[in-house]
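Taken one at a time, structure 1 and structure 2 that follow are two forms of one protein chain, written as structure tokens.
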Structure 1
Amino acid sequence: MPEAAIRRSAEPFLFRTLAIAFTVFIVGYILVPILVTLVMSFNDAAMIRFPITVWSLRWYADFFGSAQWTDALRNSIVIAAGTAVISTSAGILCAWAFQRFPIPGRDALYVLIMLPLFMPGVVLGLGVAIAFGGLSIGGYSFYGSRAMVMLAHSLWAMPLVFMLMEATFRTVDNRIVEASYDLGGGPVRTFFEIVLPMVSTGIVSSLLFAFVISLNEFVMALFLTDRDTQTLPVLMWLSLRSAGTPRLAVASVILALTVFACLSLIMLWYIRQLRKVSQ
């Protein structure tokens, strides 16, 4: 066999081997920190240290028995849920406007909407704290409140929702929308009864992505929360500075499980929609 032919036949094998090796490396690089954290959460020792000599659920009981840690977890969930609702609602309406209507200065406005994604969290957090920190509504101080953190987190979550929903709205068949108008359906009724059900997968994905972004965000929450509203990532950072107990690993596992649950919901919803289409 000529040397050139041998070289050509060896190329697919070489690329396949490199691709498999690279994939294994990436998967390992992602899973190893998660698995190490999971293992350390079952450590009975008073400090995070390896190897583990005694296995127990001591720190899980300690986490859920601590009002400070469970309150921080509750704050994170409430803030993440509020952020998901705010950013998804705003992102959907904005994306639909971009898709359906001529907008003056469209390109500049698009860049402006996406700008917060490229801004450091410390800049956004400090800016929100300075701009709205002194605001008080009916005697209710805005600074340190959950609402303030929700709005700040929406600066990151809303552009992602907008980008996802704009791409999703492009898949909507405009003939169906026009048919609804011809049959007497107004713009609002058509949007809620025709368009939104058609893009339900994108909406569910947007909600869960926004929820996860807010749940894991740390820098802005550090600037904007107080002792009563601090989130779980903020409490983890403060605790790490004083004592690195396996309680931190437990909190990390809880956050990771929440993320996995959200991703699983997205996949299940997507599979459900595919089955409905195939039927």
Structure 2
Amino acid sequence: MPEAAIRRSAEPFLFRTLAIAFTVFIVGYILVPILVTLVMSFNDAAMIRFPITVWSLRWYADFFGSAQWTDALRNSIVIAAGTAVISTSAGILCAWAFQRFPIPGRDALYVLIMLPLFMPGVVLGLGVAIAFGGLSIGGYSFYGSRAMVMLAHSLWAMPLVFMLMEATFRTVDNRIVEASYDLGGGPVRTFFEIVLPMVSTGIVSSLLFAFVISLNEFVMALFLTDRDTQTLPVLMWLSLRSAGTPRLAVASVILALTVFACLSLIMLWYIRQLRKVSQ
């Protein structure tokens, strides 16, 4: 019996130690690549090498002084904005249809819309490149254009928006929609003036999530862009293959900052909405 008693008292201690050790491990694991990148971006030397002796903003100046890199950043932002608009509008309309109307073959359609989300980017990129590789409409080459990449990125962003908005629309009180119909609001007017303002937080979240997905994606973009339209992650990937310099760390930091700016926007919007409700 005493042996069992000792085990009993030792056990909580053992589990607590294990839990702390695991927490330290996971925090370290997740933060290491982020912190390494952040620190390296302020390095002055041209080589990736630890320890860092001289600190400067040299590589930030280099990044913003290089037309190739700023063009890539601009391409990324334009493509991400386009993806956000395309996938959010398509996803919202589709989710509203699922919410309001009885649809024949509902489950099959649901699977069809969600399916691209589970496909590897390399497969989607290859497929789109094969299907539209030589296509040009009226002298405008579709392949390699930004529009092409936006639509390809929408294959991942749109199902996510659809999923998010479907859940959001479920919180909409149907009686308010019916009341709007009874007061003479047509379906279109009701949708734009009653329903959309009620789900504005969902819309803002959808827009920004789609933006972030497109901003970070680079496998499809690698298959579908050319020199003039390549995005920042594609350029980073190509230069990592040749040689890594602190410029890449700067690019990583800028990408991450853009993403966190988007997140802050979501938070601010959310807080604003909460304030409105409480007033």
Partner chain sequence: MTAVASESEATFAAQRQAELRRRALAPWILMLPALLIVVIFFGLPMLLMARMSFNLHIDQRLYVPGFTFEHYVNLFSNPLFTNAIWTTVQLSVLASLATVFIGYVFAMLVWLKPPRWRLLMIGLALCPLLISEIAIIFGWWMFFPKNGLLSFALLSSGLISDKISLMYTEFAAFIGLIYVTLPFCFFILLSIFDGLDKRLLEASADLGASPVTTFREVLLPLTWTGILVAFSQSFIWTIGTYATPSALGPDTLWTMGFLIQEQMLGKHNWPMASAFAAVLVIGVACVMAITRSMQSKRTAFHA
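Keep in mind the model is a prediction, meaning the values are calculated, not measured. Here, residue number means position along structure 1's sequence, counting from 1. Rigid core: the largest C-alpha set superposing within 1.5 Å between the two forms.
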Exercise for the section: Identify which of the two structures, 1 or 2, is the form predicted alone. Expected result: 1
Handout entry: Core-superposed comparison between the two structures, residue 264 Cα displacement 2 Å or beyond
Key = no
Problem - Threshold 2 Å Cα movement between the two structures at residue 30, rigid core reference - result: yes
Practice task
Quote the shift of the Cα of residue 18 between the two structures to one decimal place in Å, the two forms being superposed on the rigid core.
Solution key: 6.6
